[in-house]
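Form predicted alone, single chain, as structure tokens, below.
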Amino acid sequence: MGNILILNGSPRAPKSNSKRYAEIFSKSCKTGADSSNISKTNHAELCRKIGAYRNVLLVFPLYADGIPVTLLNFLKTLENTPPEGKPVISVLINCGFLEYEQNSVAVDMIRFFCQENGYPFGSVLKIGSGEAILDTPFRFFAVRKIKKLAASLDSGNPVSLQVTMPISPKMFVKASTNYWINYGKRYGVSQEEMNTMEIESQN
């Protein structure tokens, strides 16, 4: 068993960007890390499990300026059924916005949970442009910060880190627009259709 338990709080955990970030983090840890996905049915199991670890790393995407409901529901269970030992809780969060600051409210939500429930709050890594950065030449920026995050949990010295792609907002919007237009084409959806709410009724 490792020193760190990684909990993936993404609603799409098995196929998520959070999974990719967690894998990079796990490979960077010298003291060992184990991973679990948060699901609707394993809250009680995870609440028992985390008590055996010194550190828990919550890895999740930003949802509507906050934490995803998958993670929120788990935290409600954890509040009601805490483990005997309370590990240090750290955060690795990514958002689709270029600005990593968009993640700040969600991080504060986790920090508040820790304060209210007696968990030490540890390190933070806020990633901007999270949907894209791993598939661009700027990947190494994210990997470098994830390695620093891993080192902080290994050493027990908390850090606050952030990273995003070093491009202008205008360039980011142009690149992301092209990405989604091409993505739609692969599934027979035009740009005009994506610009209307009617796209919701076709699923």
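For every residue, the number given is its place in the sequence shown, counted from 1. Please read all numbers here as calculations on a predicted model, not as lab measurements.
Quick note: we don't show the form predicted together with a small molecule, though the next part is all about it.
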Open item on the list: Just checking whether V56 would be counted as a contact of the small molecule in the predicted complex - the rule being heavy atoms within 4.5 angstroms.
Closed with: no
Task: the small molecule contact in the predicted complex: L62, any heavy atom under 4.5 Å - done: yes
- [ ] Indicate whether G96 is a 4.5 Å heavy atom neighbour of the small molecule in the predicted complex.
- [x] yes
TODO: May I ask you to check whether E131 falls inside a 4.5 Å heavy atom distance of the small molecule in the predicted complex?
DONE: yes
TODO: Tell me, please, which stretch of 34-42, 159-167, 64-72, 134-142 lies within 4.5 angstroms of the small molecule in the predicted complex when heavy atoms are compared?
DONE: 64-72
